[in-house]
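As structure tokens, one chain now follows by itself in the form predicted on its own.
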């Protein structure tokens, strides 16, 4: 008896072919993707379906909430794991949301392709096979959602896309991959110290969160528009270890009194500092003014975490505690 794995396709490069237009578009179904890789039949009993059919930039948090519910339903119905295929542009965001919403030990694997099926050396079939092998494995149980491409296994909380075209685009700058594939066998070398789960009510409403990146000479005029535009929170990707130009400080202070404002770093790697610099606009100054430290989370992931916490009705103090506890081990 082979393990059962659910494959849910959402479009993207892995499913893109030339339909007569100027370029390729996502047209292949989940069933077609699986049938093109006969080796999958040796790894698992696969049930494939097209959950969405779009470029990954068209996906929304609502789509991912529905996807998490469908994965949970499949696992509760007997699936040993689940594979999601989609465009690579937002894989790191999809994987992170699923990691937060799917509260099961069954492996959830997100994969895609950098080279579409019309190109020599298309990587989609190999990535899909490896993803199914990980989803079917006992080794990957309990570690949360992972991203599998180029024979590497990355934890959702740390992975990011780092190149526009290179098949080795997915990296985890802080930790490296948690595992790899060897002759069709998943090798898990590291496990995250804890998992985080957010429970959403069926009628939970969207709470949009803005993401702003700081830059040289930034005068902060966009910060004053955040509340007026209907956002419920803000993540600011600050300079370096968590620094903002002094001219933005008053706007950030005012906004932090109205809604959660999370301080991340635009560098994409490392933790936001807490107690090193003391000048106006430094991390000490901004945290003292009520901003929330994103810790090791980059702006993309901090935005998604804050948005889901707000959907769940989490208080500001609880939001702060969640970000502060991100790297703490599970309490026993």
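Keep in mind that this is a model prediction, so the values were computed, not measured. Residue numbers count along the first chain shown, from 1.
The same protein also exists as the form predicted together with D-aspartic acid (DAS); that form is not shown, yet it is the one meant from here on.
Of the stretches 185-193, 83-91, 214-222, 240-248, only 83-91 has residues with a heavy atom within 4.5 Å of D-aspartic acid (DAS) in the predicted complex.
Residue 56 is the only one of 282, 293, 307, 56 with a heavy atom lying within 4.5 Å of D-aspartic acid (DAS) in the predicted complex. This chain appears without its partner; in the predicted complex, the one residue of 100, 261, 135, 113 with a heavy atom within 4.5 Å of D-aspartic acid (DAS) is 113.
Proximity of residue 160 to D-aspartic acid (DAS) in the predicted complex falls outside the 4.5 Å heavy atom cutoff.
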